[in-house]
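Shown next as structure tokens: one chain only, the form predicted on its own.
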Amino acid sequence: MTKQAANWSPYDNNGGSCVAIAGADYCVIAADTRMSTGYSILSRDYSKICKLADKSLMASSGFQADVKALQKFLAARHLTYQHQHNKQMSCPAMAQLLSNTLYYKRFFPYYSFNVLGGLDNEGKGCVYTYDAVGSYERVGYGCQGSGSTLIMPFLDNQLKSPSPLLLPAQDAVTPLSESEAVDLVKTCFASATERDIYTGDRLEIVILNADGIHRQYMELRKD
């Protein structure tokens, strides 16, 4: 009798979708709260959005155990930074730290797909999108997760970000007002939930602007 190797993997994909939109003086980050494995729902109220600093928020989909480990590591590095520099890390600095952290683990990666959003040193909205091994780009809007193939074409159609190859370089921030961006995010998730079984239950929207952080929620389909 031939021995069969156990089909075990150190990774899982817990699904879910994340979206971030940068505006002239705000950043909107949103994610659904469903956490699944296969055809089972593990939780209907799991937040995928993490506050890394006063002006930096991260939304992550993928393997949530790796996401938790990544958040814990970034929190420790940020605490060290605060002790050494006596200030909070800026969003562009946090973006570079996240890239370095993911790249450092490239041979056994954190199976997490992140979008980082916040305000830069000038108070402008900024969004950074990542792959699992730390390659990142500053964009006007970004999307990750199981519903990203449904949401991204819609965002491209509505927001039409200028090509990063254009010279002189054009600003990537979206022309929408804050309330319009929130409405657009709600529409994205309402439509993605219809087709993606891993996205649903509830939408958490976090708005970051000069006044601080505000949260909104919207119910999604539960089936």
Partner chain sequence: MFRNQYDTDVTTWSPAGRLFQVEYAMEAVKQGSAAIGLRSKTHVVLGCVNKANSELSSHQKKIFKVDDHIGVAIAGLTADGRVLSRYMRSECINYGFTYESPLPVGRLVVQLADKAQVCTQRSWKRPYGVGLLVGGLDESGAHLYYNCPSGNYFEYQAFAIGSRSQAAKTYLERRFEKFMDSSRDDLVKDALLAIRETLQGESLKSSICTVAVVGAGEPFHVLDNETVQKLIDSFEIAAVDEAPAAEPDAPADQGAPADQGAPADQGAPADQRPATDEGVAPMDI
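Residue numbers count along the first chain shown, from 1. Note that the structure is predicted; figures quoted are calculated from it, not measured.
Another form exists, predicted in complex with the partner chain; not displayed. Remarks below refer to it.
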Subject >> Interface segment, criterion being heavy atoms within 4.5 Å of the partner chain in the predicted bound form, picked from 117-125, 94-102, 148-156, 77-85 >> reply: 77-85
Original post:
Counting only non-hydrogen atoms and a 4.5 angstroms cut-off, does residue 111 reach the partner chain in the predicted bound form?
Top reply: no
Original post:
Looking in the predicted bound form, any heavy atom of residue 72 within 4.5 Å of the partner chain?
Top reply: yes
